[in-house]
Ligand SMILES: CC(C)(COP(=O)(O)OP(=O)(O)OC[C@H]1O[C@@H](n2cnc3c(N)ncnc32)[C@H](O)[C@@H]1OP(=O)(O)O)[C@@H](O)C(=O)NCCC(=O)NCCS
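Single chain ahead, written as structure tokens, the form predicted on its own.
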Amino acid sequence: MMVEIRALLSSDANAVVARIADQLANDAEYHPLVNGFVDRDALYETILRAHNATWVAYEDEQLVGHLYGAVLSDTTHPRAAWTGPDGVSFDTEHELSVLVERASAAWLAADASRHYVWVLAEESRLDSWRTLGYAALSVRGVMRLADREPRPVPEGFTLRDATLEDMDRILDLDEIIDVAQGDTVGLGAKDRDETRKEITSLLDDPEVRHFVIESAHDVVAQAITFLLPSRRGSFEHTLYLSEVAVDPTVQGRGVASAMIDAILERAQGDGFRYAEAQWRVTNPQADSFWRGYGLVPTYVRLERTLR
């Protein structure tokens, strides 16, 4: 039978909701750190609002797949289309292929140059996308805070909140992250000024905590945390960890693990139940650290250049 691809209609919404709910439930059964809960009524309304960016696949009058891709843009990156874990379903690789082909034409018409999609960290699911030319870009990892093993901050190191007086050292640590992710050029003066503005804004944000580790009156490590916004596939009460960096002079001494553990101990006392982080596949040091700390990959972000 030939697969028919068309834009989503309101009459498709209930069937798409059912497919998403079933898929997330199966994902959660396969991976216990994936949240399989779906508010079907809210999802139904979301799908209706996103009908212009959603395509459905029918075969023999049966819904066999769907694909949603939001074209986003900002001031620093080219336009790109984004698909979350709930934004795609398919029964066979052929249906995925024709859905991507149809959607890519619309994304290109909207001046998008790349497509990013979050896929369950399961080889057969990832292989379906790799066949279409997608490659891994980053990993999302999760852990239950009840599973962590407490580690004290090493003697001579102190965890505290960052202040504006720490700015220069924070910028240095940000450069360490960029280089580790594959940016061998580092930050230019203009980029450093922009980063300074962003960090200043974060320090003023009551929803964000910017931690540093101090040793001998020098900042040698940092981490930024905030409550993860509600999103399908992730649990409520999840603390998001980002911008974790340790100065090379103290790496290998357990500083990063102790810093994260002290942060998570506080978070657990504040009612958080899970921690989540994201890291680039081009940063093997981060991959080794997060997996070794106890975060388990749940989703992989894949990318492909549109053509």
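These numbers come from a predicted model, not from an experiment. Sequential numbering from 1, following the sequence displayed.
Same protein, other form: the form predicted together with the ligand, not shown, and the subject of what follows.
- The stretch among 56-64, 25-33, 271-279, 41-49 whose residues place heavy atoms within 4.5 Å of the ligand in the predicted complex is 271-279.
- For the marked spot (142, 145 and 296), a heavy atom within 4.5 Å of the ligand in the predicted complex is absent from each of the three residues.
- Residue 16 falls outside the set of residues with a heavy atom inside 4.5 Å of the ligand in the predicted complex.
- Under a 4.5 angstroms non-hydrogen atom cutoff, the ligand in the predicted complex lacks residue 10 among its neighbouring residues.
- Taking non-hydrogen atoms only, residue 253 approaches the ligand to within 4.5 angstroms in the predicted complex.
- Proximity of residue 177 to the ligand in the predicted complex falls within the 4.5 Å heavy atom cutoff.
- Counting a residue when any of its non-hydrogen atoms is within 4.5 Å of the ligand in the predicted complex, the hits in 223-246 run 244, 245, 246.
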